[in-house]
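Next comes just one chain, in structure tokens: the form predicted on its own.
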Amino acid sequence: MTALSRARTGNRRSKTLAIALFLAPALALYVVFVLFPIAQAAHFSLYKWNGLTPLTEFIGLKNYQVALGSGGFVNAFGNNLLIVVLSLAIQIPFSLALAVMLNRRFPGRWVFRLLFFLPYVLSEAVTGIVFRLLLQPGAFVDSALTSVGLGSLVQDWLGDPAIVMLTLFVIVSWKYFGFHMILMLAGLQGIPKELEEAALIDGADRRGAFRYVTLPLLGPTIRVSVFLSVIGALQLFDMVWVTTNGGPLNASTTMAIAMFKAGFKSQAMGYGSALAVLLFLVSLVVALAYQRFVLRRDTDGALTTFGG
């Protein structure tokens, strides 16, 4: 081996060592706080355990059989799925429409951007408490509807099992639509205006220019926003817990709330761990499938562009 080859090998080893040293703290934290808890939850789920006594009663996959065969978990999964569907059908298009509006120049648009984004700054707990107070029977919302002659629309917003999930969706949308709006607004500002102007010069109207030029170029941002919305809806917990505690009659129970109730309310930590593993698997499958079939085209396109 020549001196030049030895020098190159030494440089590569030095770079590899430097990269490993920089990555080691992050990897250690990831293993301790992510991978280890997942493995521990999977281990606990194989036992009938109250969280206090030693792990002695091994029951195998019975906790999973009970979870998948019970109506409670199926109902919780359905509630999460309902929020996912409504978010994709209403919240994301609404956020896109606001982003398009606020991307145009008009006086005071920064005020609207600030007001629309402000709910996202509030914590989940504060949002839940505020809306729980506003939506109580005879409280602000009912009084406001009655004062403008819409008293017939007054409902038991958080106490009626038939509408409680729709009410929670409105609260979730109010909290997060500003976040998605900012994402799409950033995407719109990254699109050169010359492209839309060229389409207008070629004879397209504004609707056609937006549909065939702006919207496709905004596709990567929309797909990221959809991904974040779906994962957030699947893991929905704190806002719903503060607002309704999963009630009434478990009508607003989500998968995360079912896991919390089983583990910390009923002291069935083994069963709660099984629910946690199921929630993790659902989120993982959705994330991997979305990455494989949706987001991959954006990554491949970016790599192709830079490679060319």
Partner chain sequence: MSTRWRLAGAVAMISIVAAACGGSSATNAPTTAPTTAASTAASEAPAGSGSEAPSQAGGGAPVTVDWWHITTADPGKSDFQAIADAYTAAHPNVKINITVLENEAFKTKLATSIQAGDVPDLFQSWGGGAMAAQADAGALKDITSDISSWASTINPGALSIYQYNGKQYGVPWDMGMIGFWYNKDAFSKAGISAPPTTWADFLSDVSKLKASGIAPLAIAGQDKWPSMHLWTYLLLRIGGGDNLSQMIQSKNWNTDACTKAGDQVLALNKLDPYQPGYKSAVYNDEAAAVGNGKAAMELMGQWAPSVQMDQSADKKGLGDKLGWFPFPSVEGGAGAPTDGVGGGNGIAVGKDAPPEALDFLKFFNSVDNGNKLNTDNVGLSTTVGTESSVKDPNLQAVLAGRGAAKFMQLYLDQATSPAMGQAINDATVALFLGASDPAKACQAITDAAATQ
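Between two forms, the rigid core is defined as the largest C-alpha subset superposing within 1.5 Å. Residue numbers count along the first chain shown, from 1. Every value quoted in this text rests on a predicted model; they were computed, and no experiment measured them.
What follows is about the form predicted in complex with its partner chain, which we do not show.
Looking at its partner chain in the predicted bound form, do all three of 88, 98 and 206 come within 4.5 Å of it through at least one heavy atom?
The answer is no: none of the three residues contacts the partner (heavy atom, 4.5 Å cut-off).
Is residue 156 close enough to touch its partner chain in the predicted bound form, meaning at least one heavy atom pair within 4.5 Å?
So residue 156 counts as contacting its partner chain.
Classify residue 280 as contacting or not contacting its partner chain in the predicted bound form by the rule of any non-hydrogen atom within 4.5 angstroms, answering yes or no.
Flag for residue 280 set to yes.
Can you check whether residue 291 is within 4.5 Å of its partner chain in the predicted bound form, heavy atom basis?
Yes, residue 291 lies within 4.5 Å of its partner chain in the predicted bound form.
Contact between residue 58 and its partner chain in the predicted bound form at 4.5 Å, heavy atoms?
Flag for residue 58 set to no.
Choose one stretch from 219-227, 89-97, 189-197, 103-111: the one whose residues place a heavy atom within 4.5 angstroms of its partner chain in the predicted bound form.
Contact-bearing stretch, as computed: 219-227.
Which residues from 166-201 come close to its partner chain in the predicted bound form, meaning a heavy atom within 4.5 Å?
Read in sequence order, no residue approaches its partner chain (within 4.5 Å, in the predicted bound form).
Would the C-alpha of residue 281 be classed as shifted by 2 Å or more between the shown form and the other one after rigid-core alignment?
Result for residue 281: no, shift under 2 Å.
Indicate whether residue 249 shows a C-alpha shift of 2 Å or more between the shown form and the other one, with the rigid core used for the fit.
Residue 249: C-alpha displaced by less than 2 Å between the shown form and the other one.
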